[in-house]
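A single chain, nothing else alongside it, follows as structure tokens in the form predicted on its own.
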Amino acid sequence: MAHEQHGIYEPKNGFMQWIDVRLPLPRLVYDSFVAYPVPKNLNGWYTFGGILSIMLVVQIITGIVLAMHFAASTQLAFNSVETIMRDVNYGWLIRRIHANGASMFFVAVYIHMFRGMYYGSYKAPREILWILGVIIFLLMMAAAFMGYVLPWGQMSFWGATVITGFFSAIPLIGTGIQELLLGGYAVGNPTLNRFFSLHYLLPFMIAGVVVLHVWALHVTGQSNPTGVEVKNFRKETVPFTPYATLKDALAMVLFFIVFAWFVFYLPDYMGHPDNYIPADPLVTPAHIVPEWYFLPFYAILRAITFNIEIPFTGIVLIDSKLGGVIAMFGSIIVLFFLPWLDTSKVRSARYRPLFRQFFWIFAGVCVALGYLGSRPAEGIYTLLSQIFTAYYFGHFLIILPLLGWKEKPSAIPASIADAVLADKKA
């Protein structure tokens, strides 16, 4: 499919012919975003890839402008953010777009990932496409965490202190990694400078991996809700422009209406009020929490409250702190192996009734972990975090492999065209 196009690029004039021979960039754009074939049964859930691309551009542009006015110093950072908000022309708007844009970026990426899981977009031959997507997710998390530290409010300072402190639990190399991140033995001016530099760099690294992600997509071809590969190019695909571009454009307008609502009416809704208090190493907030998009992983981190010991010896193999770090990073690493953990030959949940039930249970568990991450690590909250963490890993390591062997999928259409006709009849 990916090697066939709806039309061939033809330069319109002599100048474009001259360009095409020497640097065929217009041909590349035409082949990738105009004539590129996409399945005609794509639904609205497939528009979030385009939304994410636009959001990345928005974050980079607003970030560059903010960096022009930000002072990466523990003495000046907090006040420089206030100066941006009050004295820089449209600084309040740029900062609100950037801060809320991070949250909207994660809203879109979570929808994009769950859509991929639901329709089996990670299955062969798209394993590398999925892996590149998980790498983008990891880089996003790193960039977001470091960006959250820059305003140098109370939650910025103590969030950096807590999260970097967990690296010290890693045997042999942990303390070295922690000191490298901090630039010393405690969160301070070198830490802020390091985080500012990395926060500025990481979005460009993300952009580079996004290019690879799109390249891999164009090599393997776009998946679709049926999970059935294209068999008849002319009957089952349409050119990217205008069909997919118009659908993406409509989704972007709707998405940006919601985005604008937060920017103009609820600009601080997804933040934390303690971050409007200057960082104070001598005053610890009552409840240290990360941004909402980290909360499920924070709940997993805190769920490990026990040591793993050799039976009857009392020798501790893994203490609770290291266990929490392993669980947190493991919850992301397991995503890299999803294409092989799901042993079913059927891609789409449309034709996997049992998998569909477990998928929605898993989605509910992720939401529950997010809520528990915002609660104090005590009492019933800790117990529930442990139960849901066990289920999270069980979904990938036990349920998915067993479903592939035991589940009886419903009848799969012979082609995308048959699926479209069946939908119309229904």
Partner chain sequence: MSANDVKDPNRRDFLYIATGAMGAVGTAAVAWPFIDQMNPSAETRAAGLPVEIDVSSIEAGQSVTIMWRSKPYFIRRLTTKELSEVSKVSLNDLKDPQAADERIGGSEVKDLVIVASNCTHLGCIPKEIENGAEGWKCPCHGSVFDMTGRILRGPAATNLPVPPYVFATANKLIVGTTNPEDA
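Numbering follows the first chain given and starts at 1. Since we're looking at a predicted model, the values are computed, not measured.
Keep in mind the form predicted together with its partner chain is missing from the figure; the text below concerns it.
The three marked residues, G174, I326 and L335, fail to reach its partner chain in the model of the complex, with no heavy atom of any inside 4.5 Å. None of the heavy atoms of Y351 is located within 4.5 Å of its partner chain in the model of the complex. Among residues of the shown chain, F294 is not one whose heavy atoms approach its partner chain to within 4.5 Å in the model of the complex. Contact annotation for L180: at least one heavy atom lies within 4.5 Å of its partner chain in the model of the complex. Contact annotation for Y185: at least one heavy atom lies within 4.5 Å of its partner chain in the model of the complex. Residues with any non-hydrogen atom within 4.5 angstroms of its partner chain in the model of the complex fall in just one of 75-83, 224-232, 276-284, 96-104: 276-284.
Only one of the listed residues (A377, L384, V58, L42) places a non-hydrogen atom within 4.5 angstroms of its partner chain in the model of the complex, and that residue is A377. Exactly one listed residue, out of T241, T220, S331, S320, brings a non-hydrogen atom to within 4.5 Å of its partner chain in the model of the complex: S320. Taking its partner chain as it sits in the model of the complex, the stretch 138-161 comes within 4.5 angstroms of it through a non-hydrogen atom at W158, T161.
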